[in-house]
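Only one chain is included here, represented as structure tokens and corresponding to the form predicted on its own.
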């Protein structure tokens, strides 16, 4: 494992964090009364677009998995359409999970779905960029000792940390604090965002500290 690869991973993650910061400050120059709390749904859409765009751009430039034999236009179009379908399926899947865990079934449908969109942006989009619409590759990466590169290692960490952040973000909702950020699903989306950012910071550092112990098998 080369230190240059870890540096590339770190710079890539820093740019992903920067995309979230941009989604907070840039819209305020164009939209009146824009804020994460007061216009939360708008921010969710903007943040999802920013993070997705930066992920796509970075993985096209960095190309962590550049060993693709098939590169015809029809293959690329088919792959892109499959990725879009997988993303939508992920959004609906998370939406159903949220409802099963207590989110309103009929009320606040848009809020719940946009929460599913942002969580899919933090978890599914990186998987699609790195692994493509390949369920077997996803299962391999998230199984024990299934990773084959530091990029897949970081994917594990950022995805898990996003889920943990979402779970922790749900704890303040039932508390009788009467805070504006306790309204569904603000605390959960903020938790997912902090979890995603924490994973982006932690994963390169963890990989660097454990670089001598990490070994990867080719699949």
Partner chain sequence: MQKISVLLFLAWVCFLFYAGIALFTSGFLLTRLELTNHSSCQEPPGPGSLPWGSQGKPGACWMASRFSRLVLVLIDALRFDFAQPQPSHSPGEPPVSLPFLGKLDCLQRILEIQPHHARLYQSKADPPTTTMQRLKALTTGSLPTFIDAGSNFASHAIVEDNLIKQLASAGRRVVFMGDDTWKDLFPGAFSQAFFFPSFNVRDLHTVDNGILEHLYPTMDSGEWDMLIAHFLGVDHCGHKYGPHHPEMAKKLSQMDQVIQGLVERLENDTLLVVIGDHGMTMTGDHGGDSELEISAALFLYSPKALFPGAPPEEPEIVPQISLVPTLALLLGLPIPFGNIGEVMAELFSEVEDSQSHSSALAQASALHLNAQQVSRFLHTYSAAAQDLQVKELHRLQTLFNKASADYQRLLQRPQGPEAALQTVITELQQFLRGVRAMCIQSWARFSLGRMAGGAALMAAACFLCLLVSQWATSPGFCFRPLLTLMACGLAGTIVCAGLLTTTGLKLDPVVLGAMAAAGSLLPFLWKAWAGWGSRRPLVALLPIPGPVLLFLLIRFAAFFSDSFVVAEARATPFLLGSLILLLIAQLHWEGKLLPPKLLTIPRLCFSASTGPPRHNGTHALGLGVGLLLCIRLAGLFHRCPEETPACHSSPWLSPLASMVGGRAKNLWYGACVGALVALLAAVRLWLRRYSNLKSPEPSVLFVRWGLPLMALGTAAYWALASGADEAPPRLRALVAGASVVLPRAVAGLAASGLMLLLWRPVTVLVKATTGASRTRTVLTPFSGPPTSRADLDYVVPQIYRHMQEEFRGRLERTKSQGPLTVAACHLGSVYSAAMVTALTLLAFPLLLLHAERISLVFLLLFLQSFLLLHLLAAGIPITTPGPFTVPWQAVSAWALMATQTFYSMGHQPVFPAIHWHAAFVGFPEGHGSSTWLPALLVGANTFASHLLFAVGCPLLLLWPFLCENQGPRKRWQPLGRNEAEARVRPEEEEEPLMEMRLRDAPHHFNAALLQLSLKYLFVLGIQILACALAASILRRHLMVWKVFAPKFIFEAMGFIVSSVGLFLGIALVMRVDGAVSSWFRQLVLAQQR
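Numbering follows the first chain given and starts at 1. Predicted model, so just to flag it, every value in this text is computed and none were measured.
There is another form of the same protein, the form predicted in complex with its partner chain; it is not shown, and what comes next is about it.
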{"item": "Proximity to its partner chain in the predicted complex, single hit among 100, 110, 77, 88 (heavy atom within 4.5 Å)", "value": "100"}
{"item": "4.5 angstroms heavy atom contact with its partner chain in the predicted complex for residue 61", "value": "no"}
{"item": "Contact of residue 145 with its partner chain in the predicted complex (heavy atom, 4.5 Å)", "value": "yes"}
{"item": "Residue 156, heavy atom within 4.5 angstroms of its partner chain in the predicted complex", "value": "yes"}
{"item": "Exercise: residue 136 in contact with its partner chain in the predicted complex, heavy atom 4.5 Å", "value": "yes"}
{"item": "Segment that reaches its partner chain in the predicted complex - one of 23-31, 190-198, 47-55, 167-175, heavy atoms within 4.5 Å", "value": "167-175"}
